[in-house]
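The chain that follows stands alone, in the form predicted on its own, written as structure tokens.
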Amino acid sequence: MDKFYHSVHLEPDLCKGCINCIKRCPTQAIRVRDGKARINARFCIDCGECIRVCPHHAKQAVYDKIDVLKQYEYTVALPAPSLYSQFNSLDDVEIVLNALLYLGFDDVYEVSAGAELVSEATRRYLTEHEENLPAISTACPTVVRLIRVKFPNLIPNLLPLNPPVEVAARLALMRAMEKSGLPREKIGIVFISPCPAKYTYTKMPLGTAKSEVDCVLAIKDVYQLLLPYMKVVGQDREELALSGKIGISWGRSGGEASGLFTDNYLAADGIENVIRVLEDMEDQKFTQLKFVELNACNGGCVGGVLTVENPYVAEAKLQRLRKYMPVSKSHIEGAQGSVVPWDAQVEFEPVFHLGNNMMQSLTRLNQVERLCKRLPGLDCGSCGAPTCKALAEDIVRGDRSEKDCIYFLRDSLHKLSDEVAALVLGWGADDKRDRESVRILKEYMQRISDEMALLDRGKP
């Protein structure tokens, strides 16, 4: 399978060619060409920012539909902690968990239970591996992919532990096989996700060879289906909850770090803030920290593009919900400890290199610098690239030309107009040359002048 599998795709028929997406993409993976946006699969990290900002809904997430349950004889739901934060006046997670059974699932295993196991394993890791501190959380697949392609020096700092969804999936699978007696292929482990990046993780995971998650549903789809079932859940409901405050807190920014019982941590959310923190880490500005929690979405997972609630309102709901919960319900015992550590390493992918070797990259980098001096440096996006530097890199790679810059094109047209004008004025009325050619040249010059007027008024 392609190492750059993605769960964010473009619907060309909906794209209007605006530049909202190219300005917000953190890895500059999007270009507008021929009136349509295009996503470079090598640069994309599935953060979902383009989905969030596209006014025409041309960027869409890939995930499964509820009909996927029919493909399996036994299905287990893995609800993310952020699912609980979508409902108004929810005071007991058991209502949501039992509603999932009514919806058609055979069993439920909370991702927050896996989160508590990861929290316990993280506390041990921070004590036993001080040489790799500060450790960077690997719960957000977008952050791991960002580090893989842009921050190779920080790969050793990645926490070598599976994300909670993977831990929960493996434990849920073991329990399902024991309870149902069915073989693996007849059991479906279904994650209810707040973001498309986790769908990408299940198809092409980092840190593990294969994910045990079979399908991914969107919270926004499941939310609508759960509402009528939640109304009929009675007092005789099953006790399905497996987690406490620590696990539930993972749904918001800072929740993972709060379960480590240390003050030497940093928590940042929002992809732009994440990049700033990673840049500072490369500059070794956080040498006193033990742990760095990074979430690509604003507010953490509650801010994922597949949710329905305002992330800040959702965070408040999550805080209220966890108020009367026990601190934790899960802990590592026996075989459970083997499902938490990574079983594969993350390797650097030099997708942003300009050349195939060091000398070629340095040569092309010099070319980029020279081009940047010629380009206006306004980062207007009219060329379809997010910045003048990005256009210069595209030119060096052979994908674009200088004339894609509208200001460069304007100057070229001005020069051409002056040359044509000089040519026409040099021909006298009694010139023996074909007077029809002179007339055509004059009309052409007028058209160029009209175009220049539009460009000068900023209407390309």
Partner chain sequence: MDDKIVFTYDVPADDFSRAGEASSDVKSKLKQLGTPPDAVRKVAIAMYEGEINMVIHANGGTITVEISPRQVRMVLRDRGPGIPDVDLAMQEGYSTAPDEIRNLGFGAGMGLPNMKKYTDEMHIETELGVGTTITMTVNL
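Bear in mind that the values here come from a model prediction, so they are computed numbers and not experimental data. Residue numbers count along the first chain shown, from 1.
Keep in mind the form predicted in complex with its partner chain is missing from the figure; the text below concerns it.
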Contact assignment for its partner chain in the predicted bound form, among Arg374, Lys210, Arg184, His353, heavy atom within 4.5 Å
His353
Residue among Asn366, Gln71, Asn132, Gln224 with a heavy atom within 4.5 Å of its partner chain in the predicted bound form:
Asn366
Among 228-236, 303-311, 357-365, 189-197, which stretch has residues whose heavy atoms lie within 4.5 Å of its partner chain in the predicted bound form?
357-365
So in the predicted bound form, does Phe151 come within 4.5 Å of its partner chain, heavy atom to heavy atom?
yes
Taking its partner chain as it sits in the predicted bound form, is Lys203 in contact with it (heavy atom to heavy atom, 4.5 Å or less)?
no
State yes or no: in the predicted bound form, is some non-hydrogen atom of Glu49 no more than 4.5 angstroms from a non-hydrogen atom of its partner chain?
no
Given that the partner is absent here, does Arg370 sit within 4.5 Å of its partner chain in the predicted bound form, heavy atoms only?
yes
Under the 4.5 Å heavy atom criterion, name the residues of 272-307 that approach its partner chain in the predicted bound form, in sequence order.
Glu279, Glu282, Asp283, Gln284, Lys285
